[in-house]
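To begin, one chain is listed below as structure tokens, in the form predicted alone.
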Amino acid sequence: MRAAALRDRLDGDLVLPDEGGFALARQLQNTEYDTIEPYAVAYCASEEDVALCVRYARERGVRLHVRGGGHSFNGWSTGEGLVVDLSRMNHVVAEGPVVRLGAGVQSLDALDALRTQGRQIVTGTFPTVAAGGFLTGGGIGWQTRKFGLGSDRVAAARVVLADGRTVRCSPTEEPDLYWASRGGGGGTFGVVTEFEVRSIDAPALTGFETLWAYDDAVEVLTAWQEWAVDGPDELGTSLVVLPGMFGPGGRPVVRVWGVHLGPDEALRDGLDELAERAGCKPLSRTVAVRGGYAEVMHEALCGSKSVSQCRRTGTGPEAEGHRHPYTRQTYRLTARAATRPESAALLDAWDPALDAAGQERYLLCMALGGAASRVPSGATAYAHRDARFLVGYQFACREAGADPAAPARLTSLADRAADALTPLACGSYINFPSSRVGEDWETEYFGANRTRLRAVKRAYDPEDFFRHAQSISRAPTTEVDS
């Protein structure tokens, strides 16, 4: 079957390198991957389209790359093969307590579609992340402490396998595939086309933000982690250290923000407690008006932008959401709050002196735990139930093409940051991979669950058709490893 024949059979569209629209079709969220030229990009409109693409790629000996929202930090959803784009499989259908989600639906669209139905789903903290990658990797965000991981609420999924068949997996149908699809990572066992997710009653919640002077960063970082660990499940919060180019008055700043699902009085008392623990006052503190789940999350993720405006620039006439520049990152999961000396070491790796060189970089932390930690580590493929924080760094360059030294410089900074994280680390999260991955990455991502994941891989994809740089291996683990 030639590419033209594949195009004729698709309900969706096939875009080839010599055709208009290809420059946009090959884009991911990160501009770094704009130079990669796929064989073609298939905008699949149906499950049958996906199966056709799988069979076509097998017959032609072409690699297949699975793309949802295009947010893969390390570019796993693109390559020189056939890109299966799921963005048009974006339906959101509420059926009682269950919501059927197309794998390509983005968080902001799912929230918007459900806002009038009194139901919601757990989402992450970036508006254009799609359900496919978010849920297959585990799914963490500000609702993790209250409602668990996004994948914990997946009741079933439909998956196109390497032989072109489609199966439904659930606790009673293909249970091993169901287990692996909740935390084992996307693009590894098949192409998930639809999820059935147990929804949550749309709660009222309150958004908040505090800004702190960088001079107080050590105290704030230490106090924030202790505060989050001791806080109620209703508290969803992140901390980010911003360089002077993004701070007020051109000075670096610490931002603590998030949402609170409890009473506003409890939130205000909690923010007072954070300041008391830190021993200093924030530069500013904002507590938003209490509102519906969808409205508050949209404001937190998109600000004043409409749904159409919040989408990634280029994807629609009104879209103005930003893309990420060339970036090197390092992320780890940690099982406890950092001590004051450990916080100081984390901030040294961020390095305030780099402001003088105009280096764009971020130290990002997200509080986990709560409901997610009350699930056994072997219940789903996501193993790190003891994790209390996701902590990491991003070092970026917006003009990498004009700065040939940028890759080596950013890699060196990320390596230094990785050294600072190592004493605290309890593992890594497949949806936030480091740019440089160690030899024992399967254990870092999946812990003891890697043995069962490899068995699932051998059962459902014995020829390793679905693969990328960090997809699970089909090779059996040795007795020593297992």
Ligand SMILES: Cc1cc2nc3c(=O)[nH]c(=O)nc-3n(C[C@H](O)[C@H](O)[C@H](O)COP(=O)(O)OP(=O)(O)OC[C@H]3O[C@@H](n4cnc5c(N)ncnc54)[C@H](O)[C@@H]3O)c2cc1C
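Quantities reported herein were computed from a predicted structural model and do not represent experimental measurements. Numbering starts at 1 and follows the sequence shown.
There is also a form predicted together with the named molecule; it is not shown, and the following applies to it.
Stretch 132 to 140 is the contacting one of 355 to 363, 132 to 140, 212 to 220, 287 to 295, since its residues have non-hydrogen atoms within 4.5 Å of the named molecule in the predicted bound form. Contact annotation for S151: none of its heavy atoms lies within 4.5 Å of the named molecule in the predicted bound form.
In the predicted bound form, H324 approaches the named molecule with a heavy atom inside 4.5 Å. In the predicted bound form, no heavy atom of F208 sits within 4.5 Å of the named molecule.
Under a 4.5 angstroms non-hydrogen atom cutoff, the named molecule in the predicted bound form lacks S428 among its neighbouring residues. Interface residue among R385, R255, K146, H71 relative to the named molecule in the predicted bound form, by the heavy atom within 4.5 Å criterion: H71. Residues of 178 to 204 placing a heavy atom within 4.5 Å of the named molecule in the predicted bound form, in sequence order: G186, G187, G190, V191, V192.
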